[in-house]
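This document contains two forms of one protein chain, each encoded as structure tokens and listed individually as structure 1 and structure 2.
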Structure 1
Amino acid sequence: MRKVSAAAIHLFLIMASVVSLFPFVWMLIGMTNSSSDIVKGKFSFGSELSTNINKLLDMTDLGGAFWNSAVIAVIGTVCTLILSSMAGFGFEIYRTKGKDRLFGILMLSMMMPFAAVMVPLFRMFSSMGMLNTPTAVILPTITTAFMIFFFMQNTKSFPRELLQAGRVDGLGEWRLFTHVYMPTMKPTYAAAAIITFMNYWNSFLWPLIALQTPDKKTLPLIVSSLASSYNPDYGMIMVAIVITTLPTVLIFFLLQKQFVQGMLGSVK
């Protein structure tokens, strides 16, 4: 009886894994096939890889898009980490009624749908003449209540004695933050970095609004515009999808533990 149910569970989990992995296999196979073969559901490797790559390079500024995505994701992540950790440190270490109240208000922003702020944001950046720049993409999510919360949660277990020891040694509060807090919290920063990088790298709606000329576009915008044409060329789109997905999959496999910890930081 026990053997039967164990087999059933394995069967179920194998099916779930196959379904989960299938689109990844599909995109790798698709990358090597012509568009018509892909749409006809051909499920074996073809010989169109170099044709697809060349077509993609001819049609789009792929290198440029990769660069735009990377600039936004890297600069955005660095700024977000600095600002959110400052706030997390400030809110948790120097706890007062006033700060708790402010934090409560900031948390409300987590419930705000982006659709409700996108038009005013668009008008705001347009009146500042900042549309179509990486800065415009980065700024609206440069600090999020979620990341502040994440750093606060992790700061709860930060050993306060380290701060006392630093103060005795004559360090100022900013030096305590940069020289004591930051190095101690490295794992927290790593987890936060992965989550933030992925959010910036994969973001679509706001870049779609904020970035207007082809030379500024990011990878998801390229994939979307290729796929929305009247007669999409799936062969080259698959190459673009693989290139878009590869960095995040690599990060996941290299830093799986931190990534999962990062997600769980929100519910600790």
Structure 2
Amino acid sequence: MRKVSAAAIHLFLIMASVVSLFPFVWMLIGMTNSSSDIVKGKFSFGSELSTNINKLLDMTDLGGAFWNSAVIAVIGTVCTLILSSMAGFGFEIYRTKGKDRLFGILMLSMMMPFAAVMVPLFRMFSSMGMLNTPTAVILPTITTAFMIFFFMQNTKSFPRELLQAGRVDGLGEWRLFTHVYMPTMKPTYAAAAIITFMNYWNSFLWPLIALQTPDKKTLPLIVSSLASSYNPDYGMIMVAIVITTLPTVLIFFLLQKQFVQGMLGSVK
């Protein structure tokens, strides 16, 4: 009975893996075929890869869009990690009278849809002359309630003895954070970095509103403009999607071990 149960579980996991990987395989195959072959449902590698790449480079500023996405994702991720970890560290380590009430208000903010604040954000950044800049994309999500909560939960398992030993050695609170807390919480930072980088890299709605000229567009906006054309070239679109997906896949595999450790730590 136990063997049958294990076999059923493995069969289910194999089927789930096939379903999950199929879109990526289809994407890789599609980038080598012409648009007409993709529409016909051809499921084998073709010889149109170089043609699709050349058409994509001719029709879009792919290098500029990649650079814009990279600047927003890297700077946004670094800022989010620093600010969110500081907030999570402060909420968990220090005891103040209004801390729980403030944290409750912070959690309530997670219930507010982003669409509800888009118009106020647009008016605010427009009045400050910051539209059409990476800053306008980064600032609204430079720290989030979820990421603060994530660091706070991980900090619950942080050994307080390290802080006490650091204070005995004469370290100030800032150096305790940078020299004791941050090195110890590397897996948490890695997990948070993957989540945050993917959010910035794949963000679409707010960049669509905030970035108003072609030279400031990010890769998701480029892919969307290609897909929404009157006669879309699916082979070229598949190439653009693969290029857009590669950085997030690379980041995940580079930090996979730390990501698992960080996510397990957040559950404790």
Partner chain sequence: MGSKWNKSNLMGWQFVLLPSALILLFSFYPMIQSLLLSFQSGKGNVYHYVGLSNYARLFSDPMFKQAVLNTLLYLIVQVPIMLMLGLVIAYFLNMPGLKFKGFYRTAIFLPCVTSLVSYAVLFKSIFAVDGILNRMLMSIHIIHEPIAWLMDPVWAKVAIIAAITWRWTGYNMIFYLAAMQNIDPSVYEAASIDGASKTRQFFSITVPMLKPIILFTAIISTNGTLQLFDEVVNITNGGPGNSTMTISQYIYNLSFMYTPNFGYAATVSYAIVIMVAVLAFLQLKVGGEKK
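Rigid core here is just the name for the largest C-alpha set that superposes within 1.5 Å across the two forms. All values derive from a computational prediction rather than experimental measurement. The first residue in the sequence of structure 1 is number 1, and each one after it adds one.
Between structures 1 and 2, only structure 1 derives from the form predicted together with its partner chain.
Taking the core as the reference frame, the CA atom of residue 10 shifts 5.5 angstrom between structures 1 and 2. With the core fitted, the CA of residue 251 sits 2.8 Å away from its counterpart between structures 1 and 2.
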